[in-house]
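Form predicted alone, single chain, as C-alpha cells, below.
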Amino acid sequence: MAMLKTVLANLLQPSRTRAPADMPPVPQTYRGALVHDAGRCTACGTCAFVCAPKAISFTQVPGISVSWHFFIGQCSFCGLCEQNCPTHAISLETAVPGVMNNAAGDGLRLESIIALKPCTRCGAAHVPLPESAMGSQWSEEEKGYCPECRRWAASAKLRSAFIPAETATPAASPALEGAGHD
C-alpha cells in the first residue's frame, strides 16, 4: 500500500533526472579533463613517465604506428602530463568530457593513434615532429628526417661551419658519414 501511495504521489511530478545539458556546476579547483592532440604528439613517453598512477601508456605496432592510451579511472588529475609535455600535445580542458573514444566500450579510455612515417633520408619509420617544433632551422628535406638523421644533419652543419670543405677528409664527408644507422 505504501508503494502505491508513493507512485500516485509522484505520478504527475516533473522528472528529477538531469538532462545531458543540465550538468552540475564544476568546482573552481577542477583542473579539467585530459585532451590529447595526436598531431602534436611525438610519442616521446614523457607523459607516461611522469604519470604516477600509470593512467597513460603507449603501445607500438613496429613500422606502422604508436598508440597513446589514457584511462581516466586511474587518473589523479595532477596535471603533470600537461606540464611536462614538450610539444603541448596534452591539455586539461575545464569542459566536462563527452563520450571518450574507447575500443573497450567502457567510456573511460582515450586512445590516439600516431602514424609512423618513413625517414626521407634512410627510410626508417619514425614519429615526425610537429611543424611547430621544427621551426625554420630545418630545410624541407630535413623536416622528414628521423631523429638519427636530424642528429647527423645538425652535426654536419656544425662541422662545415668549423672545418672548411677543402680540408675535410673523404671519411668525414657528409655524404658518406652517418648513412647507415639502424
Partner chain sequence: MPYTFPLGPYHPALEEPFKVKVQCQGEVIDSAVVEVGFSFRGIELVAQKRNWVEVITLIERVCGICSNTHAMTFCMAAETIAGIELPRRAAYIRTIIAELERLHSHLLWAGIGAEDIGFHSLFMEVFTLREKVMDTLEAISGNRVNYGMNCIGGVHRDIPDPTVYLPVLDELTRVLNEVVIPTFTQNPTAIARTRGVGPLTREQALEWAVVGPVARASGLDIDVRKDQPYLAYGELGFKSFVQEEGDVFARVVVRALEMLESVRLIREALLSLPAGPLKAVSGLPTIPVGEATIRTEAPRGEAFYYVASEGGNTPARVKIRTPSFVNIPAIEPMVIGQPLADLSIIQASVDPCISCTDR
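Residue numbers count along the first chain shown, from 1. Bear in mind the structure is a predicted one, so any value in this text is a computation, not a measurement. We call the rigid core whatever largest set of C-alpha positions still superposes within 1.5 Å between the two forms.
Just so it is clear, the following notes concern the form predicted in complex with the partner chain, a form of the same protein that is not shown.
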query: 4.5 angstroms heavy atom contact with the partner chain in the predicted complex for residue 52; finding: yes
query: Residue 87: touches the partner chain in the predicted complex, heavy atom cutoff 4.5 angstroms; finding: no
query: Interface membership of residue 157, the partner chain in the predicted complex, 4.5 Å heavy atom rule; finding: no
query: is_contact(residue 48, the partner chain) in the predicted complex, heavy atom dist at most 4.5 Å; finding: yes
query: The partner chain in the predicted complex: contacting segment from 57-65, 114-122, 148-156, 29-37, heavy atom within 4.5 Å; finding: 29-37
query: Sequence-ordered residues of 53-85 touching the partner chain in the predicted complex, heavy atom within 4.5 Å; finding: 54, 76, 77, 78, 80, 83, 84
query: Large Cα shift (2 Å or above) at residue 23 between this form and the one not shown, core-fitted; finding: yes
query: Comparison of CA distance in the predicted complex with shown form for residue 71, residue 23, at least 3 Å; finding: farther
query: Sense of CA distance change between residue 71 and residue 17 in the predicted complex, threshold 3 Å; finding: farther
